[in-house]
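In the block that follows, a single chain appears as structure tokens, in the form predicted alone.
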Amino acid sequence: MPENILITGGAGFIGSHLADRLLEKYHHVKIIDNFSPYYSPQLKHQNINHNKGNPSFEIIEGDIKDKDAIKTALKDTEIIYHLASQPGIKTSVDNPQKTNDINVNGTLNILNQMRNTGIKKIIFQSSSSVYGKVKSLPFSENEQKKPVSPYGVSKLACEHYVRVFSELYGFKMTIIRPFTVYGPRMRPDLAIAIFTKNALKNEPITIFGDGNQTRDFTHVNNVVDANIRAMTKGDAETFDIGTGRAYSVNDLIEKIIKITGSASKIIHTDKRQGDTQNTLADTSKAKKILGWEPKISLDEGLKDYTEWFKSDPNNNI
């Protein structure tokens, strides 16, 4: 079992949860994070504060585009979980160059530095955004990809780079495609975070479009489970990680209002550019090869997130 693991973007939402789980299994975990101000760096530090005294936990503050920082981070590493990226569909529409520079060039820098090292495997965190417009639901891993945002394009380009470098230079790889991840520590700009905060304050909740767009909302613990299994399984494979069940945004808000007992009113506004209309994961491949299946339903996950949100003083309800 590999012992020395690097997580890029390890102070972020999914990365910090993954670090927690790996530390529980007695791995030595290094994270590299640039603590970008895309959202509060203080929140990212809060995500990892509880591990800072752990001798098996190491923090490197650096950028994935920085060759020297990546060389330092890769030293003595056996497994890389590559999660660092420029997130945000809207950000990618507003500034596609920035998204490409960080996501594509940053990934390429990591892969270049991996050559001629003893690193055994890279597990790349992609996104359901690579699919874009599809003819039918659910999505399957072999579906034709037609991203509708620069973010989706950047993630798809990274997938190809990871695959090609694996084939050329001999290290193993697995690609994970999570679907609409939510849960404790999620970014404050994500929909469920905004909806929950407004609901708890009884403030209006704004929906982009008519709210009939559907998503396969996936709790972060489900995604972490898949990543842990991918450490030793699923070489040269790509996996859709969702729940296999989609809900409309209208249904989602109805659940949040019920859980919070909110009196919030619903406001509809124009649909955002770059948003996919529907997502739904076919998880059969992950179940067959990784032995994985989602354990937390949307109702359970929303209750879990709401309780965490109310208890965390950083949320300033």
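All residue numbers refer to positions in the sequence shown, first residue = 1. Remember, it's a predicted structure, so these values are computed and weren't measured experimentally.
Just so it is clear, the following notes concern the form predicted together with a small molecule, a form of the same protein that is not shown.
At a distance of at most 4.5 angstroms from the small molecule in the predicted complex, none of the three residues L23, H50 and T306 contributes a non-hydrogen atom.
Note on contacts: among L290, I256, I64, V29, the single residue with a heavy atom within 4.5 Å of the small molecule in the predicted complex is I64.
Contact annotation: of the candidates T260, T279, T283, N34, the single residue with a non-hydrogen atom within 4.5 angstroms of the small molecule in the predicted complex is N34. Among residues of the shown chain, R187 is one whose heavy atoms approach the small molecule to within 4.5 Å in the predicted complex. The small molecule is not shown here, and in the predicted complex it never comes within 4.5 Å of any heavy atom of F57.
Using a 4.5 angstroms limit between non-hydrogen atoms, V181 touches the small molecule in the predicted complex. At the 4.5 Å threshold, heavy atoms of F171 stay clear of the small molecule in the predicted complex, well away from it. Contact annotation: the small molecule lies within 4.5 Å of heavy atoms from the stretch 81-89 in the predicted complex, the single such stretch among 81-89, 193-201, 140-148, 161-169.
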